[in-house]
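Just one chain is shown here, as C-alpha cells, and it is the form predicted alone.
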Amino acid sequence: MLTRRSLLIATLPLAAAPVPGWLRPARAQSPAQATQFIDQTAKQLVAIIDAGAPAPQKRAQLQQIIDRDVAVAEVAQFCLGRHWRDATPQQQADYVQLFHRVLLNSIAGHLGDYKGITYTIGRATAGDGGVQVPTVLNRPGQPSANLTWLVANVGGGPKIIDLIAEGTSMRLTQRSDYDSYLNRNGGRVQALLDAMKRQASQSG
C-alpha cells in the first residue's frame, strides 16, 4: 500500500504547504455557500450509506458525487507535488485516472463503517486556502469524530479540495506518502503508477 491509512485520513497539518493558485477560493465563495454545499453533499452521502442498495449501485452513486463535488484532478496534481513536472503527459493522465480509482475504492470500502451516522455542521470560516466547514460525525456506539471539509471555487463552482480528520489533512499526507515512495524508487513516476495500478485493482 502506498498510504499509511485511508485516503480520508491524514497526518500532516494543513498549513504545511502553500496552496496553488488554481485551489485558491474565488471571492464569490462565502462560508454560507460552502456550508450549504457541504450539507447537500453530506445528506446525499448519508442516504447512500444507509440505503439497502447493492454495493455496485452504491459505488456508482458515490462516483457521481465524487466527480461532481470533489476537485479530483486538481487534488491529484497537488498530491504528486514537485514530481508532476517530471511526468510525461501520458503519465500525468494515467496518474489522475488511477488517483480517482484509488480514492473511489477507499471511500467505497469504508461505507459500511458509517451506517447510521448523523452529523452536525459548525460555523464555517474563510481563509487563504478556502472555506473550512467543521463537522461533527456521530456513529452509533462510537465516539464522535471531528471532520473539516475544505471548499474552494474550482472551475467556477464549489469543490472539496481536502478533508481534515481530527486536525490532520488528507491531501498533505497523500503528498508526503507519494514523495517518500518516489524518493525510494529513484523518482521514477512510472514506479508510482505501477504501484497505484496494483492498489486500484484490489477492488472496484
Partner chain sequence: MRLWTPTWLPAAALLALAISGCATPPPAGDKEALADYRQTNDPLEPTNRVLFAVANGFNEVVIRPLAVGYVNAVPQVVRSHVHNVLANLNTPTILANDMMQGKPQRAGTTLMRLLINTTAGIGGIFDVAAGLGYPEHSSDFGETLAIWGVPEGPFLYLPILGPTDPRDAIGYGVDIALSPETWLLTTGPEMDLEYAQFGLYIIDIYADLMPDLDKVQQQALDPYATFRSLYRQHRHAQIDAIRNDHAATSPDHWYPERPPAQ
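Because the structure is a prediction, the values reported are computed rather than measured. Residue numbers count along the first chain shown, from 1.
Beyond the structure shown, there is the form predicted in complex with its partner chain, which is absent from this document and is the topic of what follows.
Heavy atom within 4.5 Å of its partner chain in the predicted bound form - residue from A42, L172, A152, I48 = Of the listed residues, the single hit is L172.
How about N146: is it within 4.5 Å of its partner chain in the predicted bound form, going by heavy atoms?
-> N146 lies outside the contact set for its partner chain.
Is there any non-hydrogen atom of S106 lying within 4.5 Å of its partner chain in the predicted bound form?
-> S106: contacts its partner chain in the predicted bound form.
Hey, in the predicted bound form, is K115 touching its partner chain, heavy atoms inside 4.5 Å?
-> No, K115 stays farther than 4.5 Å from its partner chain in the predicted bound form.
Evaluate H110 for contact with its partner chain in the predicted bound form, applying a 4.5 angstroms cut-off between non-hydrogen atoms, and reply yes or no.
-> Within the cut-off, so yes.
Counting only non-hydrogen atoms, which stretch in 30 to 38, 153 to 161, 62 to 70, 174 to 182 is within 4.5 Å of its partner chain in the predicted bound form?
-> Of the options given, it is 174 to 182.
Could you list the residues in 57 to 89 that come within 4.5 Å of its partner chain in the predicted bound form, counting only heavy atoms and keeping sequence order?
-> Residues within 4.5 Å: R82, R85.
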